[in-house]
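Okay, so here's just one chain, in structure tokens, the form predicted on its own.
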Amino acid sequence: MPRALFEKTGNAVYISHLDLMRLLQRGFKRAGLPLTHSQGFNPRPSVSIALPLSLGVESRCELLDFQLEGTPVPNREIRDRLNEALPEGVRILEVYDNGRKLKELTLLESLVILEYDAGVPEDAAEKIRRLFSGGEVMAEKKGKKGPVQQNLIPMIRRLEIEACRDDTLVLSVLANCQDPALNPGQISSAISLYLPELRPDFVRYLRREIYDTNVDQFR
């Protein structure tokens, strides 16, 4: 099954996961690339996204698996035709065959961008480093049966302060993305809970790259 690497940026970050799936399906149709469908009473197009993206989160490393009907089309042509059919902010970076099994996708590198209207508080970077160097940082996550508490520390492979400007603090977080998964939003929530003096006025998130358990780039 072919796989596409795509990004979701700019105003496209406000497209929900379900709307994104519909948008991509329409993109294939407009591009003249008919998708196969599942069998049964309610046939579904053969498209799936590896890690559904939360509303408002930017990403440069999304994976889309799909299957086309009819005569094979070169991967570069699939990429180009889709990019002509998709809206600004959703862009196919690469199309390739023989993608790795998704169960081998283990780690996600994200940026957590904390913005402060009055400037970054004094010693913010060092306080955050100390918080996440301990043995336990509990944060809430929405589960199928309601909110659950998770200890974030065992799920974090690496947390670094990537940049600190006058009004912005950028954290680079490498963490589990499956079984169990850490949502980057839990990082900012934990900072607000444990270090209320560092509660940001605005937070942005960016998915930057995905890896296997050996921190080799996943494709």
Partner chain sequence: MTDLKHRILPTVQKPARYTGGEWGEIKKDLKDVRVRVAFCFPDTYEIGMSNLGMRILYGVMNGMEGVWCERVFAPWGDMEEAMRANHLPLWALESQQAVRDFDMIAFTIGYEMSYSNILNMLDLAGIPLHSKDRPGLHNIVFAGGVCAFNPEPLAAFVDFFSLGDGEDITVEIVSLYDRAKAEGWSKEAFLREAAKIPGVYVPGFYRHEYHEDGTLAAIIPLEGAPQTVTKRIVEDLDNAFFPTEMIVPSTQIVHDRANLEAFRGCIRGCRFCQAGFSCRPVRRKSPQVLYRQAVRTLEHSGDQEITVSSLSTSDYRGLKELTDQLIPYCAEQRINLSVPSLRADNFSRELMEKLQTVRKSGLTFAPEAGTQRLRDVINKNLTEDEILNTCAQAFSGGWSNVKLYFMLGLPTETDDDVLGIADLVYKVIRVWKEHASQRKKGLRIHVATAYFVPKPHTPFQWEKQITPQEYLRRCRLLKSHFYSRSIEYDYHSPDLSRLEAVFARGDRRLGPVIEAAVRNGARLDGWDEYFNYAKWYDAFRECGVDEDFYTVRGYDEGELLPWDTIDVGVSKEFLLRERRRAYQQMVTPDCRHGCAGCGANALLKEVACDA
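Positions refer to the first chain, counted from 1. Please read all numbers here as calculations on a predicted model, not as lab measurements.
Unshown form predicted in complex with the partner chain; subsequent notes refer to it.
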property: Partner-facing stretch of 95-103, 125-133, 143-151, 111-119, counted where any non-hydrogen atom is within 4.5 angstroms of the partner chain in the model of the complex; result: 111-119
property: Contact flag, V137 vs the partner chain in the model of the complex, heavy atom cut 4.5 Å; result: no
property: Contact of L195 with the partner chain in the model of the complex (heavy atom, 4.5 Å); result: no
property: Distance check, R207 to the partner chain in the model of the complex, heavy atom within 4.5 Å; result: no
property: Any non-hydrogen atom of L86 within 4.5 angstroms of the partner chain in the model of the complex; result: yes
property: Interface residue in the model of the complex among A181, L68, L55, C164, criterion: non-hydrogen atom within 4.5 angstroms of the partner chain; result: L55
property: Contacts with the partner chain in the model of the complex - residues in 1-29 whose heavy atoms fall within 4.5 Å; result: N11, Y14, I15, D19, R22, L23, Q25, R26, K29
